[in-house]
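Quick setup: one chain, the form predicted alone, written in structure tokens, and binding and motion questions come after.
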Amino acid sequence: MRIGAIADDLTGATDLGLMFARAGLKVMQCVGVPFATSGLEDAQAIIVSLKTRTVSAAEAVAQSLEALAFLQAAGADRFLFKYCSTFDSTDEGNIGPVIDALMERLGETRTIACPAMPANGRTVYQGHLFVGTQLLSESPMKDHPLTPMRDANLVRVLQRQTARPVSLVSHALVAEGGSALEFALDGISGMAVVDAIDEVDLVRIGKAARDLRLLTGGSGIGLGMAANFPAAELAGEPVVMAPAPGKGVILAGSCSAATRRQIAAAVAAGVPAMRVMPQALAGRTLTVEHALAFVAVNAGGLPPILYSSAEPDEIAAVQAVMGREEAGALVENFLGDVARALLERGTTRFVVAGGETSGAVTHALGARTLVIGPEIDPGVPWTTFVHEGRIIALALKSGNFGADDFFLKAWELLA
């Protein structure tokens, strides 16, 4: 068995890669769809990371089908469409349309949707997604600037995105496992949201769904898929990473509550910080040269942070004036330009917060293949790539992931 995964953003792909690697699989992550399959022969799991979470549904479908064709050519025979554990999507897509397209291309009539990632507090019970103890619709995700999630009932959410029937496999069946769960999955017509409240559930689901060619969900379901590998075929080696000596920087474009807490903790600990405002970028009162000068002045201590994170009401006010897409693109492109300029000036360690920002920065750095390294916090590993003979360390953090001290402790693993 070889697993081919399609992730709708970079941070989700590295999160999934960590899950596979932790289970002992040999993992390779590709940034975008590669031109050829060479160099992937030894991989047991290949992940293609896209940037399709907030593009049009038609574009998300086109890119996902291109990734599927590549993975099939690379020899994958089981597939996973990975999206965020908070099911980030609008009612117009993109999760439902992409699942529809993948099912049609593979000739499948049934699949599951299980975004649960219990290690980070994302659980699904009676079809409702919880973030910690809060329903998704009552969590900070309700104010997400791009994909506000105001309905926690995933059966309803997914049904609004597809013409296929959407049903529920309840936790009672998942907890029973075995033939009862297999029978329930065999009876699916279309798509089914599957409850999961802990990692044991995810392994049960993965085992019961082992004959399904396509699964969909968060990175947690990767644990279940990996559990189907015979133990003798797993590498069984700890995840290690060659250190990348040199200067570091933190680039935060996420406006999630978790990232805002992490920025506050870093600033309180003495991390130098520069605020990046879309209005300043549009008016050219903040330029790449200003950012480079700030980083240079503060290069002697803790790695500095450039951030655009703000409270929901402040974001809404900016978007009302500038437009949602324009404001976001200004910040992402700016942080990508800063990252590329810093790379050229010798920076070798980058921590990036936010899925869209991670995509922009990774593209700017020219990283095409990432090696999964050690785990900083649940779902967030260090990764490495090689640039002009130098090892570059890159941590791509989903906005909602990580403890409050994430920006402080990340560097300890590179000592």
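Just so we're clear, the structure is a prediction, and the values are computed from it rather than from any experiment. We call the rigid core the largest set of C-alpha positions that still match within 1.5 Å between the two forms. All residue numbers are counted from 1 along the displayed sequence.
The same protein also exists as the form predicted together with a small molecule; that form is not shown, yet it is the one meant from here on.
Contact check for residue 88: no non-hydrogen atom falls within 4.5 Å of the small molecule in the predicted complex. Taking the partner from the other structure, the small molecule in the predicted complex has a heavy atom within 4.5 Å of a heavy atom of residue 399. Proximity of residue 123 to the small molecule in the predicted complex falls outside the 4.5 Å heavy atom cutoff. Residue contact check for residue 310: one or more of its heavy atoms lie within 4.5 Å of the small molecule in the predicted complex. Scanning 224, 127, 278, 336 against the small molecule in the predicted complex with a 4.5 Å heavy atom cut-off leaves one residue, 278. Remark: of stretches 184 to 192, 255 to 263, 93 to 101, 292 to 300, the one touching the small molecule in the predicted complex is 255 to 263 (heavy atom within 4.5 Å). After superposing the rigid core, the Cα of residue 76 is displaced by less than 2 Å between this form and the one not shown. Residue 14 shows a C-alpha shift below 2 Å between this form and the one not shown [criterion: core-superposed Cα displacement of 2 Å].
With the core held fixed between this form and the one not shown, residue 332 has its Cα displaced by at least 2 Å.
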